[in-house]
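This document starts with one chain, in the form predicted on its own, laid out as structure tokens.
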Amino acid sequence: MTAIPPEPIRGQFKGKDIISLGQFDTDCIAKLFRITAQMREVALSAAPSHVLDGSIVVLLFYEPSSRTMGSFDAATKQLGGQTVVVTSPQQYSSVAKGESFADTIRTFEAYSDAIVLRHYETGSAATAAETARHVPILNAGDGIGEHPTQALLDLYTIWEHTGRLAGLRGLVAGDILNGRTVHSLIKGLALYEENELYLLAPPELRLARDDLAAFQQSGIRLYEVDDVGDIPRDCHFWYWTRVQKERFRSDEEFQRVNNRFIVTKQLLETYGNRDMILMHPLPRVGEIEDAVDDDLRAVYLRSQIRNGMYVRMALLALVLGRIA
């Protein structure tokens, strides 16, 4: 699927599609974070909210999801809206009868105020945004392309811990080639000055060369490494990811690279530092040992996962024009 680049936000969220981190600048992210802090208080108060009263959000998920779908569902309902949840439409909707992607988007557009889309094909969210005439599309992951709302919650988690998004040193490990969360996170960090990332991956899972060149031209410093001994001891964060089995043509190819790098308590104590945080977009499938979960630096099942709902509450409120 191919489509024109999405429109930049430029401070005006209302009615905008959220397709890529490339739409954002630092002012937009700062505004989003201010609203996210307000949304956190709304959620923690457990009091009824009417911000999205009367709004219906369609969650159209062609691929499985726990956190993204669950948090968008919860975010909508926390603010008084309602959701229509459509999982595996290729099996359980008219897609199974041969309905085109465009017609599916137009159908659910007729019933809703926004569509949150996850799809297995890169570029699908941009194509959906071109197709939909009346409601915004929010990209919940398009193949190996991007996952902008995940990156925004990741940036918020880093900012919440460090108080800044510039002058950071981070480690990103795992499936760098296919990791749409990684691609969006790099784009987000590239908006800020003096950031550098160490990309720890087997040679087979390094960034595509075109992507590497494009990211480097954006100003962020990237260093590719394939040994844990190259991990800097002064990172502000580690961002671990799973090797994505669904992106491989055979189980044999997958097994050759799976869990090459695993976070153990010993690895964290040897190469980590007391002030860093350990993040993961989840799900994890063996690349972080359960014993690490109790470490206070491990935020993936604590603040990071909760921030997903708060950020998505803020995005929905802004995109639907309920908060200026």
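Treat the numbers as computed from the prediction; the structure is a model and nothing was measured. One-based numbering along the sequence shown.
Keep in mind the form predicted in complex with ligand NCD is missing from the figure; the text below concerns it.
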Close approach of residue 48 to ligand NCD in the predicted complex, 4.5 Å, heavy atom: no
Residue 150 within 4.5 Å of ligand NCD in the predicted complex, heavy atoms: yes
Can you tell me if residue 283 lies within 4.5 angstroms of ligand NCD in the predicted complex, counting non-hydrogen atoms only? yes
With the partner left out here, check for me: in the predicted complex, does some heavy atom of residue 104 sit within 4.5 Å of ligand NCD? no
Only one of 165 to 173, 107 to 115, 239 to 247, 86 to 94 sits within 4.5 Å of ligand NCD in the predicted complex by heavy atom distance, namely 239 to 247
Of 195, 124, 76, 181, which one comes within 4.5 Å of ligand NCD in the predicted complex, counting heavy atoms only? 181
